[in-house]
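Okay, so here's just one chain, in structure tokens, the form predicted on its own.
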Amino acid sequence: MNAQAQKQKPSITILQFICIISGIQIGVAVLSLPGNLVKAAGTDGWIAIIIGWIIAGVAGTVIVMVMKNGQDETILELISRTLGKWAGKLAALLMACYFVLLTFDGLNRTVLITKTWLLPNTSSFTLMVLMLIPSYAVLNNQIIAVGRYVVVIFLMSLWVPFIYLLPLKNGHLLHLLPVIKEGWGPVFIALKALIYPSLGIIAAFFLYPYLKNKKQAVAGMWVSNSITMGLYLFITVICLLFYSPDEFIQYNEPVISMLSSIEFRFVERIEVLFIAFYIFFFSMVWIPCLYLTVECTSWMLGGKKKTLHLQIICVGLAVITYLLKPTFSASDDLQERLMWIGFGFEYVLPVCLLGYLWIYGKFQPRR
């Protein structure tokens, strides 16, 4: 019976594993990251991305090392087996809250950007419902559909970075010079701005058991982080070359504002078309996070009725949007809180779990 269940267990490829993690990380954070780095470290902010890449890669490796202690288990099952049933329930509750916050943040930010640039007269509640309906259709088919959806969007987005090369005709290399002009202090301070954009590696806790070839997990984590940080570095350097340091701080989302300099005879406002396409790109944040939320809540309550959990969460997100009337300032406050919450879940927790499992493995045979 166990062998038959194992055969029927869904699985994801290493490409889907990479795209899901990188998609959660990039999401809406790519729009505001260059501005946040410049505010913290000036034109040297791009150097912090390289340091952040190493830190995120090490954190991802630690997560995989934790999961190697399991027996094809998710992190919740591993915690329940080693720390006790109630520890597993508590972990499921806390992680469900964390993932639903990431889901709401991704949806909320997308709604605000869509209202600002595309549909200013449409209510936030209507936009939220319109985004949740297709999300529900994808999530109703579980992890296989999520993996395939993210890969398709990822491949569809490969052409986007090349468009950002067009404004370089008005760029100036002198904007980047001199390098390290104020020392290394501001660069290390700028690492704080990279915490939120690097959130998402925690998904490996839940994706690892579904991975077909688990030996590729560490390489997959480094590849996903390299894609994420490589894109951040590319966009940040492009923005730094295009804007002068004084101009940069005048834009909340310089990645979008820069598109207005691109002109085609057949398109009047190219940034509007890009925002419409970016909605698909942003969905790589909230769809996987919504799936992980349902995984946590259903496991906590016995592993059944996932569809019901998904319906309740979707309705709850829509109702909250209707009651709270999202604003950019409230979204910024939520991201600030998520930055520190995510740092605890994705950087501190894996190290603590790895240390505990090492001690647990030493003393368990004696028992």
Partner chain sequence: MPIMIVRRGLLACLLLIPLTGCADQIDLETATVPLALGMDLDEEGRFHYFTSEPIFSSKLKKTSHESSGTSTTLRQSRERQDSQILGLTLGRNFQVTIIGKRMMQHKGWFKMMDVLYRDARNTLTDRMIMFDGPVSELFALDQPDQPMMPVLLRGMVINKSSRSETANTSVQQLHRQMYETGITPYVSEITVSNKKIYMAGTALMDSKGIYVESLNTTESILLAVLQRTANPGISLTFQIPGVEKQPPFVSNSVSISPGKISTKIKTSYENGKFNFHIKVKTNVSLTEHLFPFDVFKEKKELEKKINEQMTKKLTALVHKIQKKKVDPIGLGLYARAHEYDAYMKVKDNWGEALSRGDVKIEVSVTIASVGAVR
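Numbering follows the first chain given and starts at 1. Quantities reported herein were computed from a predicted structural model and do not represent experimental measurements.
One more form of this protein, predicted in complex with its partner chain, exists but is not displayed; see below.
Colleague: Thinking of its partner chain in the predicted complex, which stretch from 195-203, 82-90, 217-225, 119-127 has heavy atoms inside 4.5 Å of it?
Modeller: Of the options given, it is 119-127.
Colleague: Would you please decide whether Val160 lies within 4.5 angstroms of its partner chain in the predicted complex, comparing each non-hydrogen atom pair?
Modeller: Val160: no contact with its partner chain in the predicted complex.
Colleague: Check whether Tyr243 has any heavy atom within 4.5 Å of a heavy atom of its partner chain in the predicted complex, and answer yes or no.
Modeller: Although its partner chain is absent here, Tyr243 would touch it in the predicted complex, with heavy atoms inside 4.5 Å.
Colleague: Does any part of Gln311 reach within 4.5 Å of its partner chain in the predicted complex? Heavy atoms only, please.
Modeller: Because a heavy atom of Gln311 falls inside 4.5 Å of its partner chain in the predicted complex, the answer is yes.
Colleague: Can Asn170 be called a contact residue for its partner chain in the predicted complex at 4.5 Å between heavy atoms?
Modeller: Yes.
Colleague: Across 213-228, which residues bring a heavy atom to within 4.5 Å of its partner chain in the predicted complex?
Modeller: Sequence-ordered list is empty.
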